[in-house]
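Here you get one chain, nothing else, as structure tokens; it is the form predicted on its own.
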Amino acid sequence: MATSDELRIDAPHRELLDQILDKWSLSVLNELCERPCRFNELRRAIPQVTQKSLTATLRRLERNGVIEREVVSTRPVAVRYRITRLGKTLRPPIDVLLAWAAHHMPAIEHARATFDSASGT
């Protein structure tokens, strides 16, 4: 049995973290924290993402309640994405994680270089 101080990452937690901390989700959330965006606005803001990857990322984030999809009744019909109240609560822990990474990046890069030179890669 886990104590209250013990860190436990069960399958549902792992799945959620994989989905909100994946390659494109942080970029999408960063854009949507600023303002609601249409699909093509997100594509322009994150030019490296493919249409297929962006679609899959948006669907995962919507499924988890982090963003919402709104159909805008214009001609042609448009879809706008916005971050939800739940999604906004992700900002502080993600900022802490990014600050940790920035602070420790020199040590991480040194460890990578040491590992790579020892393993011959």
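As the structure is a computational prediction, the values presented were derived from the model and not from experiment. One-based numbering along the sequence shown.
Another form, the form predicted together with the DNA, is not on view; read the next lines as being about it.
- Taking Asn30, Asn64, Ser53, Thr84 one by one, only a single residue has any non-hydrogen atom within 4.5 Å of the DNA in the model of the complex, and it is Ser53.
- Put simply, Pro47 is far from the DNA in the model of the complex: not one heavy atom of it is within 4.5 Å.
- Looking at Arg59, you'd find a heavy atom of it within 4.5 angstroms of the DNA in the model of the complex.
- Among residues of the shown chain, Ala78 is one whose heavy atoms approach the DNA to within 4.5 Å in the model of the complex.
- Using a 4.5 angstroms threshold between heavy atoms, Arg91 stays clear of the DNA in the model of the complex.
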